[in-house]
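Only one chain is included here, represented as structure tokens and corresponding to the form predicted on its own.
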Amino acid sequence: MISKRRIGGEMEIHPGGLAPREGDGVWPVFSGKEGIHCDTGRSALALALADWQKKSGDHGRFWAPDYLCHSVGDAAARLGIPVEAYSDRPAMLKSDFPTPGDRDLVLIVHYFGLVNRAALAWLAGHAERRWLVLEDCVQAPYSAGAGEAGDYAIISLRKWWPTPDGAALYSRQTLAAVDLANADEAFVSRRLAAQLLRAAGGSDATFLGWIRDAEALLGSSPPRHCSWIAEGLLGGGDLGAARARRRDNWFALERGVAAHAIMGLAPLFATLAPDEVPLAYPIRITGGRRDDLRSWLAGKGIYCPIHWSLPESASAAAQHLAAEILSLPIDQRYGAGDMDAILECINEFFRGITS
């Protein structure tokens, strides 16, 4: 079976969506924190790290989990900050959290929209701490409990909504002077054009090329303002409907995976709490078949990202997970029929292996 439409990948922007929209906007609010909008999650992270550097006198250490997007290490390296790794991954029952010094900064990641309860429980045991905490809520901006306990929280909304950019840093304390560059017209226009082209059914090669060209600009980009177009796009939107659709799609895949009981495929998470909003439905594919399945699905018009390709310095356990994980798309563009299409294509792939 080939999907009747493309499932997954960058969110399309339809021309009608560019018109002013009514609503409260889709920017999350974290209790006790003030937010500053910027262009990307990298920028939000860089702003948090720079603020911590100023407050620590550049004497503290930066701790981050070993299962992490490479952009975190890149942002730290640009500021001359070495990363001290500790062991934490999604769905871990017991993590190896660090012993921070007084001026340190500890990064906690909430993976795939599920709250990192182990990390928050560990943090709750350090009520008198003198070190700071940064919560990475890029994958969990709408899940209750994420972003509330730390001193900083960062989000990026490009994987959640049809927008070329849009991110934010939230801080419990007043931020040091923040100097944001103007939005990058080349980055924003390339992504916007690509997303409009995808909505119009244009060439995949052109669309993907424009996206790659835009992302390549981030390597040397300073923190920038959120673009005018993104502020408009994110100023409206039906968050309630998106939340419900993502959860419905998660449970549809959960039921399907359980019903088919495919040998070599297992969900990464056992449960989704009532107040959690998932980014994707992550599964593990054993037997070295993950990349083959991903290619098979792409050939059927279903595009699944990998979170993430890790550096060689990551632990063996983190590398093992990274080699098996695959994120199935469940965002609000899709419904039950699309989830059925994903499951049918996965079943077809595994039937071909066993036949």
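All residue numbers are counted from 1 along the displayed sequence. Computed from a predicted model, the values in this text were never measured in an experiment.
If you look for the form predicted together with a small molecule, you will not find it shown, but the lines that follow are about it.
Across the options 156-164, 228-236, 260-268, 88-96, residues that bring heavy atoms within 4.5 Å of the small molecule in the predicted bound form belong to 156-164.
Not displayed here, the small molecule is kept clear of L310 by more than 4.5 Å at the level of heavy atoms in the predicted bound form. Interface membership of S171, defined by any non-hydrogen atom within 4.5 Å of the small molecule in the predicted bound form, is ruled out. In the predicted bound form, the small molecule stays beyond 4.5 Å of every heavy atom belonging to N116. Contact check for I283: no non-hydrogen atom falls within 4.5 Å of the small molecule in the predicted bound form. When you look in the predicted bound form, the only residue of V188, L253, V106, V72 with a non-hydrogen atom within 4.5 Å of the small molecule is V72. A heavy atom within 4.5 Å of the small molecule in the predicted bound form is found for one listed residue only; from L192, V138, V277, V133, this is V138.
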